[in-house]
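The chain below stands alone, shown as structure tokens; this is the form predicted on its own.
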Amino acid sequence: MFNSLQQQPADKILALMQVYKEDPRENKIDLGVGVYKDASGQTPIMQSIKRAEHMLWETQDTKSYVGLTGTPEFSETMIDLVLGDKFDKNLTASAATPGGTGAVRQAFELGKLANPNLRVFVSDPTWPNHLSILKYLGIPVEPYRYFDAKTRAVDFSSMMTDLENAKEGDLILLHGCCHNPTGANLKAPEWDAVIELLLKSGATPMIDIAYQGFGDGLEEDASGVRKLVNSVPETIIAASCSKNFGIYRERTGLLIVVSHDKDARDLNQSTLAFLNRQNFSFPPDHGARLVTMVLSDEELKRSWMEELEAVRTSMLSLRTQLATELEKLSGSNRFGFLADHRGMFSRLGASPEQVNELRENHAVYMVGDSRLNIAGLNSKTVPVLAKAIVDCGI
């Protein structure tokens, strides 16, 4: 039977990680993999998470299954985080998932179940796994222009032109904040225009929010999502705890379905339970339990927010330092966009050949489309990267 299997394309980011590991050069810089790193190059465990884990170790008395959609407490605390504690939870159905990726996958499954002729409008570019999952599920993709390669900003007029083709029964996939891979975000008036388009077209928004707190702050990063959810009839949200809680390997995510028709909640909730059962059955609980504990305890939450703010400001500082260093070396402000972008990523605008040159001649590793992970830098490697970028003629 297995003789009929075909070799699947390798994940480019995972392949890049392997090449990086095998590179013997001591001065190599990893800007590819999407994890936060501190100044020492480590991905630390937050102290608030460590304290919660210790408390859990002391008090947990069972490892039995949780419900098919996780615990109500996890859903409630996460809905408060994403949508605000004043949002009416009677309008929401939710399900815990294995990471934000699991939430994205279940969201696409939900859309396909609701509409067998589903189309998903996806920003060009987007996180590659969006496209990979959609292709695997056989769901047609409608790309919409998003990033202006010259200005390194959102190409909003082109985006809106392309989204004019969306209609009722379609999903429009939007990044809640800190767009991956570009780092270029929608501004408040642009969120308003997107809302008007959604109301006119009848299409359903799907929000992937994986970096809340990494951009302009916890509340600020959720402001566009909250405005949208309060304005349109239905919204699907895939939320991740990997980055802002630093619990990557615990695979902690939540799928939220909002409907302003309160009568739809029970049906939506039972559908999410059904989808979980068909896929992985009961979701993992350890990470979800830690998030619940942190968000439910005033002292732990205050500690977590302070740690998250330190992560955010560290990345902003690195962005400013890199933009300043590049301006000094190049004699041009053409890299000013790096300071304007938000989150872990920016797209540098280098050609594949220049990306290869960075890797081969300077031991600088980034994804082929020139997405670089700002959090992979520190104050000492920023000047090294800046010189490499200028030397490669980018």
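Heads up: residue numbers just count along the shown sequence, starting at 1. Since this is a predicted model, take the numbers as computed values, not measurements.
The protein also exists as the form predicted in complex with (2S)-2-hydroxybutanedioic acid (LMR); that form is not presented, and the subsequent description refers to it.
For the options 94, 244, 180, 292, the residue carrying a heavy atom within 4.5 angstroms of (2S)-2-hydroxybutanedioic acid (LMR) in the predicted complex is 180.
Residue-level contacts in the predicted complex: of 33, 350, 68, 363, one residue has a heavy atom within 4.5 Å of (2S)-2-hydroxybutanedioic acid (LMR), and it is 33. In the predicted complex, (2S)-2-hydroxybutanedioic acid (LMR) lies within 4.5 Å of some heavy atom of residue 13. Taking the partner from elsewhere, residue 335 is found to have every heavy atom lying beyond 4.5 Å of (2S)-2-hydroxybutanedioic acid (LMR) in the predicted complex. In the predicted complex, none of the heavy atoms of residue 74 sits within 4.5 Å of a heavy atom of (2S)-2-hydroxybutanedioic acid (LMR). Using a 4.5 Å cutoff between non-hydrogen atoms, residue 304 does not count as a contact of (2S)-2-hydroxybutanedioic acid (LMR) in the predicted complex. Screening 47-55, 351-359, 335-343, 33-41 for residues having heavy atoms within 4.5 Å of (2S)-2-hydroxybutanedioic acid (LMR) in the predicted complex returns a single hit, 33-41.
Shown without its partner, the chain has 371 as the single residue in segment 362-389 with a non-hydrogen atom within 4.5 angstroms of (2S)-2-hydroxybutanedioic acid (LMR) in the predicted complex.
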